[in-house]
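We've got the same protein chain twice here, in two forms, each standing alone as structure tokens: structure 1 and structure 2.
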Structure 1
């Protein structure tokens, strides 16, 4: 168990380092950063000044290690646009993105798991097929378009929910639903196939032979085993949802981390772009780590060996 943990940690560190390199290399793609920052109207002199001011005149390798070293100490640089430490910008916007992500995950799990169980208990019937078909249909919905349609329907025509911003809790409902949509099909299929396998297993036959109630057989004995991969995948899905929240944040005008990333990309604010990419990657890496740990914790076969 300890060896497994150490191996996982080492992997996480290596992946983080690679992502660091990639996100640094990314911003050097355009060639001369100084020209991009200075904008189209800048003179040669402006560009030179900017180059000096941002330390872009140093060799790339020096800039890289300087950045990695700073990032390792938690200093992600300063925004060109806001003239503020990037870490502060991210910290200020994190609650919105996290609330959105968790709302989405909650909606996704509370929809996908019951439906998955329901379909599994009617495996092979028309109901089962129809439910799975709905999953495919949901998957085909472009999330930004779904967001707009929900805004028109529930925000404008029915007037039930706010159409942008998160001044109160209900501002998270529509974006949460849209975000959940992307995760529901995968979680639903996983729940269903896990339950189908579990319900056909020998230990369920034993549970029935013991005369347990149907509720106990399905909810205690089968679900407990089917839920293990679902919980693990849910953690990973949360990672995808957070990094995918950029689209939804822009549709609903939520000023979260994704929105910050989008804004800084369109305004050539490279330190922020670098930092947001790194930040989302690290969150994802931590979530996969968490997922492995959850799996090991939930599965007694892994926990006790």
Structure 2
């Protein structure tokens, strides 16, 4: 288990370094940062002053290693727009993003697991095929389009839920549903396949032979084994949700980390852009590592891979 953990940790570090490199390179490939910061009306003197003030006159490789070293120490730079440390900006907006992600995960699990069980109990029927078709359609549906449909329907026409902001708990409902919709198909298919395999196993046939009720067989015996991979994959799905929060928070005007990233992109606040990309990527990497460890704990055969 220790060797498996070390291999996964090494892989996580390598992926993190790759994200550092790519996020830094993309901001530099977008053009001269000094010109972008100064704006179209700036003179050449203004541009040179900004280039020197932000250290953009140094060689690119020096800028890169300086940023990597600073990020490793928790210093993500200083925002050009807000004139304060980027780490403080992310810390202030993190609760909104985490609450949104956990809300989406809760909605996804509470929806996908019952539907997956229902489809597995009717394997091969019209209901089973209809559920799988809905899963495929749901996975192909753009999240921003679904968000706009929900805003128009439940926010503007019916007036049931707020369409922006999180002044109260119901502000998380619509964006949480949109986030959950992207995760429901995968969790639903995984639950169904796990339940199908479990219901066809020998210990379930033994339970039936003992005269146990259908409810007891499904919920106490089959689901216990079928739910293990679902719990592990849920960690990865949470990472997907948090990384996808940039689109959802922009659509619903939620001032979380994702919305901060969108603001920074639109206003050329490159230190914040780099930091948000790195932050969301690290969260996803850590959740993926947690999922790998949980899978290895549940299935010892995976520890040799």
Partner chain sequence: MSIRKIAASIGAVIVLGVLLMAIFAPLLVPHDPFAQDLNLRLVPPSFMEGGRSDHFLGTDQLGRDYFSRLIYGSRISMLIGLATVITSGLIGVTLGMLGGFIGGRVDMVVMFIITCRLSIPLILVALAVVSLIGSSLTVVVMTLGLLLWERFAVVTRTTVMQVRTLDYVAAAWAAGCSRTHILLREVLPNIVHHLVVVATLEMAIAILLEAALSFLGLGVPPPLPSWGLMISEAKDYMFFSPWVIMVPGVSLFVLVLGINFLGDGLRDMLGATRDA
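The model shown is predicted, which means the values in this text are computed figures rather than measured ones. If you superpose the two forms and keep the largest set of C-alpha atoms that fall within 1.5 Å, you have the rigid core. Positions refer to the first chain, counted from 1.
Shown as structure 1 is the form predicted in complex with the partner chain, with the alternative form given as structure 2.
In the core-superposed comparison between structure 1 and structure 2, the C-alpha atom of residue 72 has shifted by less than 2 angstroms. If you fit the rigid core between structure 1 and structure 2, you'll see the Cα of residue 142 move by 2 angstroms or more. Core superposition places the Cα of residue 156 2.7 Å apart between structure 1 and structure 2.
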